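Given next, in structure tokens, is a single chain: the form predicted alone.
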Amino acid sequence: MPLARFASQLADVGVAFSVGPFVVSLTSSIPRVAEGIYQLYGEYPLAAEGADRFVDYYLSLGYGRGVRRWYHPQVHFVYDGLQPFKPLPLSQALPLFEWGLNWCVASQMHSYLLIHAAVVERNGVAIILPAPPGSGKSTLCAGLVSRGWRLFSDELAIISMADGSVVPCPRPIGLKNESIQIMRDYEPQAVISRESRDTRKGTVALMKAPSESIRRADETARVGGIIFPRYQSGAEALMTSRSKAQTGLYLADNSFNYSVTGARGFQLLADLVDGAECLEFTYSRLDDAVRIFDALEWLQ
């Protein structure tokens, strides 16, 4: 639908759309939210209308109350009528939507095992990319999907309890600080949102998921590798082996619901690590990183 109609519906009854395995309904009368959601989520399928439609998360982004509507304006994130976070400056409305949606999924979606990691796929084989903040995970993920890899997620590895496959949830990739310009230069055709400055993560922007990744959001993949990336200025690209025991402990510590899933989660994580190549990867140039990932023998 045209932007004007989309903005009108968003402000009135809201817009419900599918994002991988869940449906989110968003309401907001803030123009920058309408523009940003339209830019980044415009290709996502709208949820079917009707009384039997199921929505996982009812969200809204609203202006601050009282004087905060006009003086140093703020934005509120509301989930099912509750406000789980403090308001942020209005300029951070779009990142707040992403951070809030991450929180909703991580705290509610216990029918899957959820791990804090990026996930990319090629030839039916998924690679999980877990790493702490500042490691270059999102930049590497953005670089790979700009060169033909399918985006599953930049933040959440969603593992099926039934068969251990990874479930796609292709949402915008969060870029921070220097990574924003790196990706603008590396992929000039990428759709990147306006920058939000002075956030708790510095300057942030969001890069739209590739159209093919959005279109294939119902196609799961088996896990072939768990690779821990680390950006190091001036370093040559290097892939080395990593202990499966260390890998398993790290994933357990960085799972949002490992303790909630109990014995099922333990066995699923153990099987996941046991069946995957466990590696560490140091890089400084995206072209080198893409070349090495493309050449992985177990992907062919």
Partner chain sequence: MMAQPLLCEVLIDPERAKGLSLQQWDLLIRQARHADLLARLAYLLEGQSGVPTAAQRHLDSAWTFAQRQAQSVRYEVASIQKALSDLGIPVVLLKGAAYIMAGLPAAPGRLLSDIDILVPKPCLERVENGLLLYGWRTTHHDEYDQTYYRQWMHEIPPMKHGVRGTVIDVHHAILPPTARLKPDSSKMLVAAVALAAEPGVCVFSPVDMVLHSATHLFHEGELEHGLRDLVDLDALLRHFGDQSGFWEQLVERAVALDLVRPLYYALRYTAQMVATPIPPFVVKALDKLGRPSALISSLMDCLFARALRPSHVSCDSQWTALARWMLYIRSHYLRMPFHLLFPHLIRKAVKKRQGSGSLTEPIVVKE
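Please read these numbers as outputs of a predicted model, since none were measured by experiment. Positions refer to the first chain, counted from 1.
The same protein also exists as the form predicted in complex with the partner chain; that form is not shown, yet it is the one meant from here on.
None of the heavy atoms of residue 45 is located within 4.5 Å of the partner chain in the predicted complex.
Though the partner is left out of this view, residue 22 does reach within 4.5 Å of the partner chain in the predicted complex, counting heavy atoms only. A residue is said to contact a partner when one of its heavy atoms sits within 4.5 Å of a partner heavy atom; residue 58 meets this definition for the partner chain in the predicted complex.
Although the partner is absent from this view, residue 181 stays clear of the partner chain in the predicted complex, with no non-hydrogen atom inside 4.5 angstroms.
Only one listed stretch (210 to 218, 185 to 193, 78 to 86, 143 to 151) carries heavy atoms within 4.5 Å of the partner chain in the predicted complex, and that stretch is 78 to 86.
A heavy atom within 4.5 Å of the partner chain in the predicted complex is found for exactly one of 176, 222, 122, 230: 176. For the three residues 201, 255 and 261, a heavy atom within 4.5 Å of the partner chain turns up in the predicted complex in every case. Residues are counted as partner-facing when one of their heavy atoms sits within 4.5 Å of the partner chain in the predicted complex; in 275 to 300 not one qualifies.
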